[in-house]
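A single chain comes next, written as structure tokens; it is the form predicted alone.
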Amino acid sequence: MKKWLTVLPVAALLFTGLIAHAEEKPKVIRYGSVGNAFGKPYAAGTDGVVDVQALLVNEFRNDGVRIERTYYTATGPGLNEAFAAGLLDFGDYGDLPIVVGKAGGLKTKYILPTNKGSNIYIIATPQSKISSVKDLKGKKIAVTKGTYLHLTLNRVLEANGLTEKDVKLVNLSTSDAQNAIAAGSVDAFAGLPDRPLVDQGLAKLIYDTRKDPQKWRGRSGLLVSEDFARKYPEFTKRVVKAKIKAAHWASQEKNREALIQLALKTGSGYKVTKEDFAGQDLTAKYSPLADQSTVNQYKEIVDFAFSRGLIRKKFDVDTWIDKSFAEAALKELGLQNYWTPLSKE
């Protein structure tokens, strides 16, 4: 009896500590997304689905955890700066900037692919003689450097026998690039699907990636700060779960038109958005699986960024990508076998 009386207080303290640890939760979850060229606080794709269906808000409503959403008009580089300043717990943005951020010392984990198929469109001034990618040699091309647009443009150039050294890249935001094209101060622009200048006759479309290999298209992923993931692993999994719910909805063919309508909230035009979605495999585009294809793509991006001097040192992609949260969430949702993993690409 004396032995048990000695053990019980210790056990009680341990039990109390476990309860306190289990009940620990963040007061707020700070979530960043890429802003758009039209200044509207909306996102397309799975991030847009999360918003309109209030998936994050509903997931944490009973916990009293506030969701703080921020849209960064400075796109991926802006989210990197926010992570560096300690202003974000999660960020969903493009492949090249998240690689640049990690290589630059950001303490993040890659926990979920969120888009595997963003196209780019190359437009040129209407009066120019530019009619193909090869004609861009020696020309001024506007692009937002350090983004997936920059990466994909390089792939397109190389496929046509050119490199960055053969053209003159001008670092401009989407809105500034559109103004530059209209004013004729640049010869071409590599940017997003929405192309109002083409519809207005102020530019002509010379190339897009809709028929190119899937690997050429821009990707995006969800990052979490190492600190948040370490302190709140259960809450990290639940954020991922909300995103996977959005991916499941977006992957269904019956929701294609609704996805197009969702994109319109960002200011995109219906005609070009519908054309951009045409022929895209939604299941492949929105697969949340960090499969071998995904791992290989990010290794290629690391090599690309290093070779162009965008990063000074490489890092281990295999240890940076953490599949544990997605695997737990997929199991909880019963969606382990919904998407087919690709071994390579």
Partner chain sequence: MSKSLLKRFEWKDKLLAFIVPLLVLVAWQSAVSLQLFSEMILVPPLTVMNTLVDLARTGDLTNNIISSLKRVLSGFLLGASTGFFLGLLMGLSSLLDRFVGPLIKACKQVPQFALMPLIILWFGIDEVSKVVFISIGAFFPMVFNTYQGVSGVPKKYRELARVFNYKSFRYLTKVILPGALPSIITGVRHSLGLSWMFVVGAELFGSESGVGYMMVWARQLFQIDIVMAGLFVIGIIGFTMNIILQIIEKRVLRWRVSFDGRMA
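Since we're looking at a predicted model, the values are computed, not measured. Positions refer to the first chain, counted from 1.
One more form of this protein exists, namely the form predicted in complex with the partner chain; it is left out here, but the text below deals with it.
**Student:** Any chance all of Pro77, Gly101 and Thr144 sit within 4.5 Å of the partner chain in the model of the complex, going by non-hydrogen atoms?
**Tutor:** Yes: Pro77, Gly101 and Thr144 each sit within 4.5 Å of the partner chain in the model of the complex.
**Student:** Heavy atom within 4.5 Å of the partner chain in the model of the complex: which of Val170, Ile206, Leu162, Val198 fits that? Just give me the one.
**Tutor:** Of Val170, Ile206, Leu162, Val198, the residue with a heavy atom within 4.5 Å of the partner chain in the model of the complex is Val170.
**Student:** Since exactly one of Gln214, Asn179, Ser128, Asn255 fits, which has a heavy atom within 4.5 Å of the partner chain in the model of the complex?
**Tutor:** Among Gln214, Asn179, Ser128, Asn255, a heavy atom within 4.5 Å of the partner chain in the model of the complex occurs only for Asn179.
**Student:** Going by heavy atoms within 4.5 Å, which of 119-127, 145-153, 258-266, 233-241 lines up against the partner chain in the model of the complex?
**Tutor:** The contacting stretch here is 145-153.
**Student:** Quick one: is Glu81 in contact with the partner chain in the model of the complex, heavy atoms, 4.5 Å cut-off?
**Tutor:** Glu81 belongs to the contact set for the partner chain.
**Student:** Does Gly138 reach the partner chain in the model of the complex if we count a contact as any heavy atom within 4.5 Å?
**Tutor:** Looking in the model of the complex, residue contacts with the partner chain do not include Gly138, since no heavy atom lies within 4.5 Å.
**Student:** Given that the partner is absent here, does Val133 sit within 4.5 Å of the partner chain in the model of the complex, heavy atoms only?
**Tutor:** No, Val133 stays farther than 4.5 Å from the partner chain in the model of the complex.
**Student:** Within 4.5 Å, heavy atoms only: does Ala250 come near the partner chain in the model of the complex?
**Tutor:** Flag for Ala250 set to no.
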